[in-house]
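Encoded as structure tokens, the following chain is the form predicted on its own, with no partner shown.
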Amino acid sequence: MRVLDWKVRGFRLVDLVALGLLIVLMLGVYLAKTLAGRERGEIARVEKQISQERQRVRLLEAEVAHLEAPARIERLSVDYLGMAPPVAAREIAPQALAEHAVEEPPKRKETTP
């Protein structure tokens, strides 16, 4: 008697093995499909998060552009620091810089406690 012809409770052994393999394959495909669905959901969640982060980056870039606006900085420097643009009388030519160079201030003496 050959192995392929063995019978178990009226079924050939080959048929039972094939049925077992079919069941294992069906479960494998089901699990793969389930895991793929989870991964698809995770991918959608991450893409939504990326979109939100890009929107936040654009908002922060707009805020930085507003805060770095030269007109705003000039207005704040005048209002809070009392600064003003230099007057033309205080400007000198680059050739005259050597004449107006200031000597280095004397170094402070280090004191040890």
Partner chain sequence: MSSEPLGYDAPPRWGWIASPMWAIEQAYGRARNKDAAVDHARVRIFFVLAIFFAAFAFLAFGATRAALFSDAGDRGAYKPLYDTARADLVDRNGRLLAADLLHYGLYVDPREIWNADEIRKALRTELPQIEAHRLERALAGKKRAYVLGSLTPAVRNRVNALGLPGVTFEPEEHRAYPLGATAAHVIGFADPAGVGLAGAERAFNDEIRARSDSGKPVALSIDLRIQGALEDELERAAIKHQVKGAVGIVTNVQTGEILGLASYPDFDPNDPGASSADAQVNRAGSTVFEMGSTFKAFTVAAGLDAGVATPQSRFDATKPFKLGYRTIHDYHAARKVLTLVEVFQHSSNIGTAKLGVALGPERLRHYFDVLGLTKPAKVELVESARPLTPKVWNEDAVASTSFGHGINVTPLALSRAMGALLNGGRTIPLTLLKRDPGYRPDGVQALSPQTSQQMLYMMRANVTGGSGGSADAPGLRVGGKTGTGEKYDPSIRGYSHSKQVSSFAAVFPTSGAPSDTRYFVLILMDEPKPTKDTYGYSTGGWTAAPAAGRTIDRIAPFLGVARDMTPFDPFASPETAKVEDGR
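Just so you know, these numbers come straight off a predicted model, no measurement behind them. The term rigid core refers to the most C-alpha atoms you can superpose between the two forms while keeping them within 1.5 Å. Numbering follows the first chain given and starts at 1.
This protein has a second form, the form predicted in complex with its partner chain, left out of what is shown; the following refers to that one.
In the model of the complex, its partner chain sits beyond 4.5 Å of every heavy atom of Q49. When contacts are judged by a 4.5 Å heavy atom cut-off, E74 counts as touching its partner chain in the model of the complex. Its partner chain in the model of the complex comes within 4.5 Å of a heavy atom belonging to L21.
Its partner chain in the model of the complex is approached by E61, whose closest heavy atom lies within 4.5 angstroms of it. The partner is not shown here, but in the model of the complex the stretch 29-68 reaches within 4.5 angstroms of its partner chain through a heavy atom at V29, A32, K33, A36, R40, I43, E47, R54, Q55, R58, L59, E61, A62, A65, H66, E68. In the core-superposed comparison between the shown form and the other one, the C-alpha atom of A96 has shifted by at least 2 angstroms.
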